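Single chain ahead, by itself, as structure tokens, in the form predicted alone.
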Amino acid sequence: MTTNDVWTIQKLLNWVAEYLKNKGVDSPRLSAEILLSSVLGLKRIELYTQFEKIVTEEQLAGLHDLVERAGKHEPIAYLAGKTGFYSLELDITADCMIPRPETELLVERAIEFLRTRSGKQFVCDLCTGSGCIAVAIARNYHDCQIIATDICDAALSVAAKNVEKHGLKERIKLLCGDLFDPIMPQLDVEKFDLIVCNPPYVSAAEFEKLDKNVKDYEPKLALFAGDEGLDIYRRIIERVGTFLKSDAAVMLEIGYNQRQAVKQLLEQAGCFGGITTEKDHFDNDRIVIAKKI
């Protein structure tokens, strides 16, 4: 790709998609669309309605850098500065983990649970990261107040942008601190109707085997959770009962091989009744739901 040639959007899309395919990048055509949309300030659909539009040399220079980095497996979402989650567009940076489609199942079950209840619902989202879960719940269930916590101040800055972007500043409060630590029970909320969390859950062995684009670019703090990947679950479950109403629920995203271990931790807590697990669309165990007695 040189700036001496005349490049139309169609020609560029084809060239970038082929380049990324040869570099082994996942979904090369989609990745090409996202990068080109980002550089040109167009929606993906607009690329196809403006196929013959000529791209300027300045835009080509910007695209060249992004494509080169994408070819080295830097995540497309970080390069574009945004990603999609639960039909919402979210800002994203390398300070937080990229939301995964599998996590949408947790959001879906949370919304379904809230819809079975009456009155204003109080929700806590631990390890909020980009704020994707809190924002998706608040956008789709209006009669709720959410407290979202994260230990990483830089990640919370991203969450704050997403909260503001979707007009939710009055309904989502962001607190910086370790899990429940920043929550002041009497001042913030007495107890919660629902606590959700997609915590770090990658074990030491799994971390070494992660794909390059995850291991080298996504924050280790948002992924790694001790030798077994259970460190954060233990710390959440140890305290979660005191923050829940008697008929409330906790919903946790889990790794594909952690169902039994997390279920056992919840059983040992002694304050939960029905504990259920659910698989994602890849047929992997994905969420555990526990109702407080």
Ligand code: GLN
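The first residue of the shown sequence is 1; numbering continues from there. Because the structure is predicted, anything quoted here is derived from the model rather than measured.
There is another form of the same protein, the form predicted together with the named molecule; it is not shown, and what comes next is about it.
Among residues of the shown chain, Arg100 is one whose heavy atoms approach the named molecule to within 4.5 Å in the predicted complex. Contact between Leu90 and the named molecule in the predicted complex is not found at the 4.5 Å heavy atom cutoff. The named molecule in the predicted complex is not approached by Asn162, whose heavy atoms all lie more than 4.5 angstroms from it. Taking the partner from the other structure, the named molecule in the predicted complex has a heavy atom within 4.5 Å of a heavy atom of Leu210. A heavy atom within 4.5 Å of the named molecule in the predicted complex is found for exactly one of Leu79, Cys176, Val214, Val189: Val214. Between the options Ile195, Val202, Cys144, Ile147, the residue in contact with the named molecule in the predicted complex by a heavy atom within 4.5 angstroms is Val202. Note on the interface: of 217 to 225, 70 to 78, 130 to 138, 166 to 174, the segment with non-hydrogen atoms within 4.5 angstroms of the named molecule in the predicted complex is 217 to 225. Shown here without the named molecule, the chain has only Glu253 in 241 to 266 lying with a heavy atom within 4.5 Å of that partner in the predicted complex.
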